[in-house]
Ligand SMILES: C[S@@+](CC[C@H](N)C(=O)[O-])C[C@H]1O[C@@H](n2cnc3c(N)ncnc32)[C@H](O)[C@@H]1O
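Shown here is one chain on its own, the form predicted alone, set out as structure tokens.
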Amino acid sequence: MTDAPAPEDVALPDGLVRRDFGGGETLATEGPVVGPEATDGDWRAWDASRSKLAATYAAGLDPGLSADATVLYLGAAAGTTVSHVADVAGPTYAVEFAPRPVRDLCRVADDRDRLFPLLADARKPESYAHVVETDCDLLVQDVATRGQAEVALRNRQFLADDGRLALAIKARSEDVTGDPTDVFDAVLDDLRDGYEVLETASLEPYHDDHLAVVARPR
């Protein structure tokens, strides 16, 4: 793993701030409330223990989120993290495979005209290629499946040449019995078939056996 800077040294895009909601500083965005979360006026706390992407910032990495960026988010679930992304970014395509969380995701999107839910399988990008814009600025991947590198490689087609991949590798989803360090190394080796790995960091203590990866297409 690379040595990451302190979290407070990571520059934040417009629309994303550090704010104290009474328990110390945390990331925050402005937007409609989604579920139980700390708020201060229109500001919503972005809890690193509930979001791999927020934990990536807490680990000192810059995942590449920027104001008005076009984002493809794989593994959007019920929409907690992607709601914060859409509060900051431009068009945000949210792919989720399971119908039940997609219903919640659609409700989140009702209040956000830049968020586009897609009931689809991230392992089959051809099923949404007719909807998602090419030259996306950021690909966020948070999927619980084997072959996580392969998912990122299949979806590389949507990224701009100077785009970024922000990937949370889940060791137990890849190999439930394997040593997490060995699992991470194997996934990174596969990922390098189509990406240059820029930074990595453990997501402990927020998420056990997870590795944050920031990469760019090659």
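Predicted, not measured: the structure shown is a model, and the values here were computed from it. Residue indices: 1-based, along the sequence shown.
This next part talks about the form predicted together with this ligand, which is not shown.
A.B. asks: Please pick out the stretch from 47-55, 183-191, 29-37, 159-167 that is in contact with this ligand in the model of the complex, where contact means heavy atoms within 4.5 Å.
C.D. replies: Partner-contacting stretch among the options: 47-55.
A.B. asks: Heavy atom within 4.5 Å of this ligand in the model of the complex: which of 139, 108, 88, 120 fits that? Just give me the one.
C.D. replies: Contact with this ligand in the model of the complex is made by 120 alone.
A.B. asks: Whether residue 92 contacts this ligand in the model of the complex should be assessed with a 4.5 Å heavy atom distance threshold; does it?
C.D. replies: Contact with this ligand, no.
A.B. asks: Please determine whether residue 144 contacts this ligand in the model of the complex, using a 4.5 Å cut-off between heavy atoms.
C.D. replies: Answer yes; at least one heavy atom of residue 144 falls within 4.5 Å of this ligand in the model of the complex.
A.B. asks: Can you check whether residue 98 is within 4.5 Å of this ligand in the model of the complex, heavy atom basis?
C.D. replies: Yes - in the model of the complex, heavy atoms of residue 98 and this ligand come within 4.5 Å of each other.
A.B. asks: With the partner left out of view, is residue 76 within 4.5 angstroms of this ligand in the model of the complex by any non-hydrogen atom?
C.D. replies: Looking in the model of the complex, residue contacts with this ligand include residue 76, since a heavy atom lies within 4.5 Å.
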